[in-house]
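You are given structure tokens for the same protein chain in two forms, set apart as structure 1 and structure 2.
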Structure 1
Amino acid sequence: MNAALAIIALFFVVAVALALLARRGHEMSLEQWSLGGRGFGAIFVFLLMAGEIYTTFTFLGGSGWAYGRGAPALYILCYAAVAYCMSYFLLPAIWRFARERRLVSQADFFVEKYESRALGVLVAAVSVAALVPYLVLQLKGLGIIVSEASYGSVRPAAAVWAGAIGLIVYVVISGVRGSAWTAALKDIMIFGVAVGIGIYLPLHYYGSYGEMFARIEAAKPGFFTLPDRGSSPAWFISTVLLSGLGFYMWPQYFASVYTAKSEDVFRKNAMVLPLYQLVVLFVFFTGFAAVLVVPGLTGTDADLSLLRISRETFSAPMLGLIGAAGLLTALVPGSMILISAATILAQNVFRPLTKGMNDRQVSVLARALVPAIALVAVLLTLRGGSAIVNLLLMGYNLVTQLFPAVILSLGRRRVATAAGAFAGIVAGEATVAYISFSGTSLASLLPGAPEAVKDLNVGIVALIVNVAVFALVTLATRGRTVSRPAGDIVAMPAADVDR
């Protein structure tokens, strides 16, 4: 075993051990397992949310897009800023509602807000469909990191299986507390490694940041400019908007919100997290530095740029530390994804179908589902697939369709109906599915449209369809129908609709 692999293995063992120790003194009820007993303060909530933000997507996908695409990668730096500003107002409102009703999943929020179990099942399906590619993203990144950092001595498939087994063990035993403890180690590592190599590599190979940018621009003119077509300004703006609006629509973010002990936690985090976003800038610097040092990485291989330049530059122990940091960026979000997906399936799919299930039985079922979900993700990961950033964008296209229904539910008076929310989500998801999987594009659908329209992100187009259908169905059903908890639409007097 080489030194790099030994260090990666050591950190893997430490991370799993920390997660298992987190369970001590806590009875793993459903609320404890999935939400930490709703007792997390600002630091633990920060760690969980930062753990979800700084994943293998940031570590490998961010550097890979900086290496392969240049200026379009900067959307990653922008969209989180939009989300953080919104979180100051959005998350306290979600937390208050969830706290009052002891909600445990994202789908529970829709069930209670719209009094519709049918809507809850739909949201559960959308959530799990979006979480699977996000989990695949983490496992794919984990396989790349361990294989590259071990100089190829461990195959990606073996790393994926080992990581998945470790995740299953500590998620089943410790739940979200294990994720929080591991996130503390991850944040220390990612901050030191990402910032450290982002400072060192440009200075080492180019002498200064200015010289690095000048030499890359000379070798690749226009590399730091958005192209006129494809990843154009229209694509950039629509993608930032899509990702910013969908940022907190991920099910695991709802779970992180539910863990907080007070709403002030979110206002404190909204002030701090934008500064933490600067870490991404150093990840970009590493990808830019690799452009001329390790040329020739194309397609999905661009995700290897950070690790390839690190192998060219550093000794095995340092490469092991870089690999360990990358490993942790997969484990922490991977664990939260597994917890959220399992909780949603148990609470919002199986529980409504099985009368009389109590919280203890739901908790047991959720933990039993963890290995099954992980196995599906592993099999999809081993089949290969898209670049890391593309996997995340696919998930965002799905979860952002939940945004209109969330926003329109937060007022004191109900302004939308369950039927409208249901129809809008279905229309948005159907649009995403049709454009994404039929091989169709906006350019082929609208050949005479301006280039700016053709380059719009598919998710934004689907969101427009979603809102239009949502509005029309709400207007048609408002004042004469309302959803009951069972999901049935029944006639009601107009005066009772907004109670």
Structure 2
Amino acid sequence: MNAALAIIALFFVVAVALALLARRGHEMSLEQWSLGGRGFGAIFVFLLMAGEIYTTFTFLGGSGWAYGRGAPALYILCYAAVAYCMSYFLLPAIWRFARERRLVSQADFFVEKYESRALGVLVAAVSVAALVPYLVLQLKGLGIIVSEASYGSVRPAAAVWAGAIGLIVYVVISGVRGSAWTAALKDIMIFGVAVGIGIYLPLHYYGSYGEMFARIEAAKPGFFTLPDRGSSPAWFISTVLLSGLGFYMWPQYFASVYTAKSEDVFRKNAMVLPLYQLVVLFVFFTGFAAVLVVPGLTGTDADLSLLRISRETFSAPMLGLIGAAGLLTALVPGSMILISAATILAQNVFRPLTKGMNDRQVSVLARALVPAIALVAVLLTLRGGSAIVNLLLMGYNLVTQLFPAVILSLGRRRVATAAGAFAGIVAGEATVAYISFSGTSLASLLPGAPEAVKDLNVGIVALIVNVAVFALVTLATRGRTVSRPAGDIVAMPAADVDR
């Protein structure tokens, strides 16, 4: 075993141990397991929310985009900032309702707001369709990181299995408390390691940041500006807006809102998170530094740029620390995804199917589902073909389709009907699926349109279809909901809530 692998293994053991310790003194009811008993203060909520900024996608993909594409990578820095500005108002509103109704999952929010269990099942299906590929992405990243950082001495498949088993153990036992505690370790590592190498590498190879940018610009003119076509400013702005709207629609982050003990937690976080996400900048710096140091990585290999330049530069123990940081960026979001997917399946799919399950049984079922979901993800990671890649690309667009139904439900008066929300989401998701699998773009839809329109992110089409159908069906069904207070056409009896 080399030094790098030993360090990675050590951090893995520490992370799992920390997560197991997190359980101490807490009875694991469903509310404790998936929401930490709704008692998290600003720091724990910060740790969970910072999880989204630092997944393996940011670690490998952020540096990979910076390395392979240059300026378009900056969208990653922008969309979170947009989401945080929105979070100041959005999250307290979601939190208040969730607390009042004791919601456990994101799908619960829809069930209660629209008084429709059918809508809950639909949202649950969307959630799982987006979450499983996202978990696969984390596991794939974990495999790559451990394999590269151990100089190839561990095969990716072995790393994926080990990572998944560790995840299962700590998620089943400690739930979201385990995620929060390991997130603390992760953030320390990210600050020390990702920021550290982002500062060091440009200085080491180029002498100064200015020199690095000047030399890359000389070698690749226009690398640091958006191109006129393709990833143009129109693409950039539309992608940032779509991703910003979808940011909190991910089920695991939506549910992490429920863990807070007060709504002030979110306003405090809105002040800190924009600054915290500047750590992504240093991941970009690493990717930029790699452009002239380890040239020639093309396509998906660009995602290896951070690890390759680290291998070129550092000794084995330092590479081990980088690998450990990368491992944690997979474990923390991975654990939140597992908890979310299991909670949603138990609470919003199985519970309505089998009448009379109590909270305790749902809790047991949710934890029993964790290994099953993890196994599916491992198999897809190891055997998955191109379909899974399509699902991954769809993920953000899938969850963004939930945004109109959430926003329209927050007002004091109910403006939208359950049937409208249901139809809007179905139409939006169907459009996303069609667009993704057929490879449609706005350029192919509107060949005669100006360049700026052609470059718009095609996800906008799905959102427009969603809102249009939502509005039409709402208008058509509105009178009926008012005259039938117990529920509308897709609603189950409102009295079914046994929480």
Partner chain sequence: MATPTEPRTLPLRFRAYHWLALVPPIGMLGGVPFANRVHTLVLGLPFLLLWIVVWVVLAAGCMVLLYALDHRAAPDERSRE
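In this text, the rigid core denotes the largest set of C-alpha atoms whose superposition between the two forms falls within 1.5 Å. Model, not experiment: these values are computed from the prediction. Here, a residue number simply tells you its place in the sequence of structure 1, counted from 1.
- Of the two copies shown, the second one, structure 2, is the form predicted in complex with its partner chain.
- When the rigid core is held fixed, the Cα atom of R69 travels less than 2 angstroms between the two structures.
- The two forms, fitted on their core, place the C-alpha of K454 2.6 Å apart, compared between the two structures.
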